[in-house]
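Shown next as structure tokens: one chain only, the form predicted alone.
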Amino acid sequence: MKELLLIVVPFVGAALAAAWPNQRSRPWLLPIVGLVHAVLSLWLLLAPPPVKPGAWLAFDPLARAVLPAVSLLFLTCAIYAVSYLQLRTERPNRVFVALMLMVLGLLSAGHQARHLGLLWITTEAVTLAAVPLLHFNGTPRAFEATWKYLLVGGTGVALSLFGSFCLGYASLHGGGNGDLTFTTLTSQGAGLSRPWVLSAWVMILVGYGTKMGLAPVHTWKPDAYGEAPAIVGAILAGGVTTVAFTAILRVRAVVHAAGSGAIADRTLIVIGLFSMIVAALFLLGTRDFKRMLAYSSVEHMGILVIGAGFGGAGIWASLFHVWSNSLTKGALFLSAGNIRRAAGARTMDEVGGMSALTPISAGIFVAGLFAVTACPPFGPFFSELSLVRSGIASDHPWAVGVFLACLLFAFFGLTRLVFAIVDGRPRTASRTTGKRFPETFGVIAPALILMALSVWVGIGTPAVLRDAWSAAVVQLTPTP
């Protein structure tokens, strides 16, 4: 039952944070709980527990392949949060700390959910728990972004609920007894009603795709990522979107078992390529570097579902990319947060010369640019290379061609904006923000750790991770 501690420990930490009387010391609960969670997840990665077929919650191969990455991302963001909240003493942090820990517990439950209904409940709970986090800054624009996230995300969650009903009815129509665990649904296979399975797939893909931020249901992302604190954006980009992706992978396995896998894979490839095209176009035009991170996330969510559409080797590459993208995007968000606070603005018209004002953060931001655009030796290069190989091997050369073209245009858009912010002389908005932003160890070390982990995952991918991804592929590719 060790895997349940991944859920219980953050919830206990959230309760402690809600009751903790001292605002100055309360943020330390984040790295303490994050460290315990990371140790537990890595322990279970190395020594996975047995999984009961009918269990609603379990540290199964898919959870093992993904959840430790989320845990490491949360730990580094939690370390950053201590220094960040010390700089934001004008804002009470009781709700912020408690909900951050609650989100970690819910993400742990979502990744381990092996029941269709439980998966929906945890995803909806994550959506609700993240709402006050987005509104932490208390500005009118943050309020608008929060409502957009809630309304668009709520619509997606509603669609995924209807899709869950359809999949449940497909099971009952095929002689099932109402058991909605993914093991049972997959075992029913061809007995599932094909029309209801396809209806469920469309609604679940759109519903959870909204949570991922796939185009065209990505509209909440630019506002949410642009207005949320950097650590919240990092958790949304590397944690919340990941649990939605694993939900799609689990349902995809059921659709494949029902004999409709070819349709599911084609829809994944098409919507993934569309997301990359939309993201590349917006990256070529945006002038806001925090919105840039949102469009980059749209692009990388497209990469994940394209890999899933390529089949077994592509799923392996996608799970690899979950790790490399989460770590890299986390470093980008944290360094962007430093630049935003130092500059007092976030567009290339107002911000410039940050290499002089925040040299370390600017350096990390540039390194993150090359990492997220798949330059070696960072993790995304190796994960995207694996994805290209899987696309060619699965006879999808046209998709690989479009994929590479989108990567090129995204690179042009990202470099245009990043170097405009980093190079040159500091502009007016950057010079008149008052006291110079202190690049302390607490706000620099977490981003450096994440960049180092990105290089490590790419160059020295440990055998235990490769084995975990391979085991997840076996779980997710049943024979019809």
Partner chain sequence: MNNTLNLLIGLAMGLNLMALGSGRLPSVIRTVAIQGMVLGVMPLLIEEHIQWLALAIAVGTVAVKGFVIPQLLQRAMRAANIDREIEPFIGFIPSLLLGAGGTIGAVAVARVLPLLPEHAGSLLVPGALASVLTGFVMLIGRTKAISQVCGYLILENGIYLFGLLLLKATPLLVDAGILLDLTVGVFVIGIIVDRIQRAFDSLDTRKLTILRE
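Residue numbers count along the first chain shown, from 1. Keep in mind that what you see is a predicted model, and the values were worked out from it rather than measured.
Beyond the structure shown, there is the form predicted in complex with the partner chain, which is absent from this document and is the topic of what follows.
Undergrad: Among F409, F274, W196, F381, which has any heavy atom within 4.5 Å of the partner chain in the predicted complex?
TA: Looking at the other structure, the residue within range turns out to be W196.
Undergrad: Quick check on this chain: which one of R291, R340, H396, R252 has a heavy atom within 4.5 Å of the partner chain in the predicted complex?
TA: Answer to the contact question: R291.
Undergrad: Have a look at 240-248, 359-367, 149-157, 265-273 and name the one stretch with heavy atoms inside 4.5 Å of the partner chain in the predicted complex.
TA: One stretch meets the cut-off, namely 149-157.
Undergrad: Since the partner isn't included here, can you check whether the partner chain sits close to all of N93, W316 and H321 in the predicted complex (heavy atom within 4.5 Å for each)?
TA: No, because N93, W316 and H321 lack any heavy atom that approaches the partner chain to within 4.5 Å in the predicted complex.
Undergrad: Contact between R114 and the partner chain in the predicted complex at 4.5 Å, heavy atoms?
TA: No - in the predicted complex, heavy atoms of R114 and the partner chain never come within 4.5 Å of each other.
Undergrad: Hey, in the predicted complex, does T286 get a heavy atom within 4.5 angstroms of the partner chain?
TA: Contact check for T286: yes, within 4.5 Å of the partner chain in the predicted complex.
Undergrad: I'd like to check something about D349: if you look in the predicted complex, is any of its heavy atoms closer than or equal to 4.5 Å to a heavy atom of the partner chain?
TA: It does not: once the partner chain is placed as it appears in the predicted complex, D349 has no heavy atom within 4.5 Å of it.
Undergrad: Quick check on F182: any heavy atom within 4.5 Å of the partner chain in the predicted complex?
TA: No.
Undergrad: Check each residue of 381-411 against the partner chain in the predicted complex and list those with a heavy atom within 4.5 Å, in sequence order.
TA: Going through 381-411 in order - heavy atoms within 4.5 Å of the partner chain in the predicted complex - there are no hits.
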